[in-house]
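Have a look below at one chain only, the form predicted on its own, in structure tokens format.
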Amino acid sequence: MYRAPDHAHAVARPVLETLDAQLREQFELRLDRWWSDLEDGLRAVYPPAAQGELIARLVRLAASAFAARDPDLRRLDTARTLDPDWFQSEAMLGYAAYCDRFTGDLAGISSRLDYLEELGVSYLHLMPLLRPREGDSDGGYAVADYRSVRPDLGTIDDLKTLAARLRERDISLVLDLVLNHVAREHPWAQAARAGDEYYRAFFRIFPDRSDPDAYERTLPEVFPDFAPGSFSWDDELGAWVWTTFNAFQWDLDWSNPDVFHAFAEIILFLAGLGVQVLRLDAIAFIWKRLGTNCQNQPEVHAITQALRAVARIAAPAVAFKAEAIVAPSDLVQYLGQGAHHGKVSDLAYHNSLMVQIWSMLAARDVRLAAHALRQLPPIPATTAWITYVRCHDDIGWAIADNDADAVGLDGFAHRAFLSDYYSGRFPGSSADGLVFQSNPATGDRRISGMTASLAGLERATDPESVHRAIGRMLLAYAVVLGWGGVPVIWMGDEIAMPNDREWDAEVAHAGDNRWTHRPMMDWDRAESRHDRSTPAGQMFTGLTELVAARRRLPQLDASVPTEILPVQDPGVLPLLRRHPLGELLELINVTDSWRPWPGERLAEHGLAAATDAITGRRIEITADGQLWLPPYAVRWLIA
């Protein structure tokens, strides 16, 4: 058993003296349990002279948050400590939405909890709602105050009340925590502009272009169309400031221990409101190193480990989710590899799976996906992927050249094909997406669009083409529901909502076509969700049937890894999940034609007389020894 040193316990004791002996002992045991994670993480980042003072401040901070913890949240802490794999359950289902576009404000969310429960939601991600700067705020990711809510959405008390109501229904509240930067209007940045040296040290500030020019030799541009470069001149500051994303988003200097402490405070403040999952936004960018792309640096994982340790000591009900949209080779590190194995984020976005789903549907071929997904190292058994078909962001074609080469494709050409296909430019494509951030220098063209529009529903002109478009949508969701982890539905997908064609009507959004897939929730359309004669009804009923089937399958617990079997037919993706209660074989036909799967391959897994767990019906092997799969069919086969 690890034990924190006596001096660490001594720091906490005065803070805890008003608590009863049992609670004091509980804190001391947590401090012992997470001490090494905290100390090792900080040691990898900060010089010895800074470590002692910082650790003392963090222990005092954690003790204060623990002492002030609401009794109901303390009970949740205990429940999560006894059930640390709660987020890995096959019963988990996420839903992501902008609060104002879903229900108008925080109070409105409470009026739609029955709707979320009908879907089976147990995890609600409300997109950025902490107070942003006025005007363009990069969709809310330019935060001006981490301790208040957008005034049009409500108040901090409203957020706390909503968290409690969600908790009553076993729905975990998920919020964004932007780590890489703050708005130029944030009090820290205001103080820096006013000449406060303490807060100037919170940012990367340069008197001339010498250092920025040196860094930019290896820095990629995130928004080349409307925010070229990674540094901005600020007249009030009288200097250049690092701005990876937009001139109004100032990057923080995490090499300063005071920045770490400030965010530890924010994390425990949000935990005190009842937030259960924190999405660590832009986490890949937080550490800067000359001569690199300043992404995925080792210190990122050490910092996350130490922040997580602070949260575990004070509020173990809180889980971390990494928003790391990075190359496949870097992805698994955000769930922990090597010394950080299982010690950093609990959850991470499976961006590669999302990209490969769209690639399979466009190419009607699974071989690239099968190869690329096999290359990902296994993740720690205590963690889980966030799986998704779409999100608030654009789709970038993160397909590695070596993966494309391995299956006989040209990576550049395939990425170009996908951009053409999903923008509707490729002959025969029914997709209706928009090109986002076209970069002539690299050929990079990302795509915006709702799932229904990318799947061809908007261009469907007859019942058969509608049926095929819905089939593609349900197939995509079946893959994310059947992968394990926490599958997340993007708001409106459950009723097949199309692109918002008036996305640029709001001046603040006019230059950013990602707002086409951030529409206002169509509650009139939702009223037809049980009518199978409508696209909304076909999608909603089909999706809820998949969710119900998922909840019945222990094989879909996130601790069970997904194996990709050898491809027998280039149109069929075979996924296997082995569990003590039996195997689950998932067969996914990504084409618009009937495709076979050999009966002998089923027999090898004891599934020659299998049942489809989605429909409850026994499968039929035809006289030619094949299981024939209809267009866009998904089968979850169990003995």
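Source: prediction; values computed, not measured. Start at 1 with the first residue shown and count on from there.
As for the form predicted in complex with a small molecule, it is not shown, yet the points below apply to it.
Of the candidate stretches 452-460, 269-277, 245-253, 557-565, only 245-253 has residues whose heavy atoms lie within 4.5 Å of the small molecule in the predicted complex. Candidate site formed by 37, 263 and 312: none of these residues places a non-hydrogen atom within 4.5 angstroms of the small molecule in the predicted complex. When the small molecule is considered in the predicted complex, only one residue from 403, 281, 500, 493 comes within 4.5 Å through any heavy atom, namely 281. With the partner omitted here, the residue from 432, 323, 77, 346 that has a non-hydrogen atom within 4.5 angstroms of the small molecule in the predicted complex is 323. Taking the partner from elsewhere, residue 90 is found to have every heavy atom lying beyond 4.5 Å of the small molecule in the predicted complex.
Looking at residue 223, you'd find a heavy atom of it within 4.5 angstroms of the small molecule in the predicted complex.
For the chain shown alone, residue 184 is not a contact residue for the small molecule in the predicted complex, no non-hydrogen atom being within 4.5 angstroms. Contact check for residue 393: a heavy atom falls within 4.5 Å of the small molecule in the predicted complex.
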